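In structure tokens, the next block holds one chain alone, the form predicted alone.
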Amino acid sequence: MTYVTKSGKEYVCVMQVHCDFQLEELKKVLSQFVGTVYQKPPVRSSVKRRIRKRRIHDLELLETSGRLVLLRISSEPGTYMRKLCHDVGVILGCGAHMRELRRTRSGPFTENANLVTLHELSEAVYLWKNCKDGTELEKVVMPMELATCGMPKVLVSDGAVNAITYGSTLNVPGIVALQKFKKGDNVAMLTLKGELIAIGQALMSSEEILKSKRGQAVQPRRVLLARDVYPRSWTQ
């Protein structure tokens, strides 16, 4: 879902500098790219080539070998690592380009915890289909609720769940508990059992909801729970 693809990313990148360099000079240049940067997407890219702002949260120099530099970068989605390497080379004065790139985190999913390769997934599906062994598949297929780890949440009363699955707005009386969020934020709506019902947009802030007894609180944008899993307590 786009709520994951648009979340923060982390990469391990190999950059090749086109000249010999001093380590301290390189560290000084890299430090200039932490924070808000301006990027124009490369010629070979899937988006319109216009200058845009992106934020780099952290840029760590892991090691060097000759003119090769190993970097770990944590950034906003849509940040081009090859453009970052190119720009570092421009500041150094001799040029640089990206040699290798590996994504190690996408939102709450990390390489060391819950990311798997397509090959691992293929093997797990094969074992399940041909050997009736779902052990490996259970390891790689995760609950979709994990995708909302970085999102504020509201717990919904059982009586309001089914209406939301039909697209109805969540009203204040249907909220049992909530985390802090602002008006306009993306909010995950969960059942009392922790099942993800939908992702919606907050029509009120959490503070306003706590002070109110009625009113529309969250508008569903993406419903994920099947209809009629919970009993209907509303009339058309």
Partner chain sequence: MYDFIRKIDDFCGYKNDWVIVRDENTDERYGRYADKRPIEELLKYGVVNLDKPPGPTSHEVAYWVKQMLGLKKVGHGGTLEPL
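Residue numbers count along the first chain shown, from 1. This is a predicted model, so every value here is computed, not measured.
From this point on, the text means the form predicted together with the partner chain, which you will not see here.
Colleague: Would residue 208 show up as a contact with the partner chain in the predicted bound form if we use heavy atoms at 4.5 Å?
Modeller: No.
Colleague: Please run the contact check for residue 173 against the partner chain in the predicted bound form: heavy atoms, 4.5 angstroms, yes or no?
Modeller: Contact check for residue 173: yes, within 4.5 Å of the partner chain in the predicted bound form.
Colleague: Taking any heavy atom pair closer than or equal to 4.5 Å as contact, tell me whether residue 130 reaches the partner chain in the predicted bound form.
Modeller: Output for residue 130 is no: heavy atoms all beyond 4.5 Å of the partner chain.
Colleague: May I ask you to state whether residue 76 is within 4.5 Å of the partner chain in the predicted bound form, using heavy atom distances?
Modeller: No, residue 76 stays farther than 4.5 Å from the partner chain in the predicted bound form.
Colleague: In the predicted bound form, which of the listed residues (193, 53, 48, 27) lies with a heavy atom within 4.5 Å of the partner chain?
Modeller: Checked against the cut-off, the match is 193.
Colleague: Can you confirm whether 35, 37 and 94, the three residues that make up this candidate site, all sit within 4.5 Å of the partner chain in the predicted bound form, judged by heavy atoms?
Modeller: No residue of the spot touches the partner chain in the predicted bound form.
Colleague: Of 162-170, 67-75, 121-129, 85-93, which is the one stretch near the partner chain in the predicted bound form, taking non-hydrogen atoms within 4.5 angstroms as near?
Modeller: Of the stretches listed, the one contacting the partner is 121-129.
Colleague: Heavy atom within 4.5 Å of the partner chain in the predicted bound form: which residues of 139-164 qualify?
Modeller: Read in sequence order, the residues that approach the partner chain (within 4.5 Å, in the predicted bound form) are 140, 141, 142, 143, 144, 145, 146, 148, 149, 150, 151, 152, 153, 154, 155, 157, 158.
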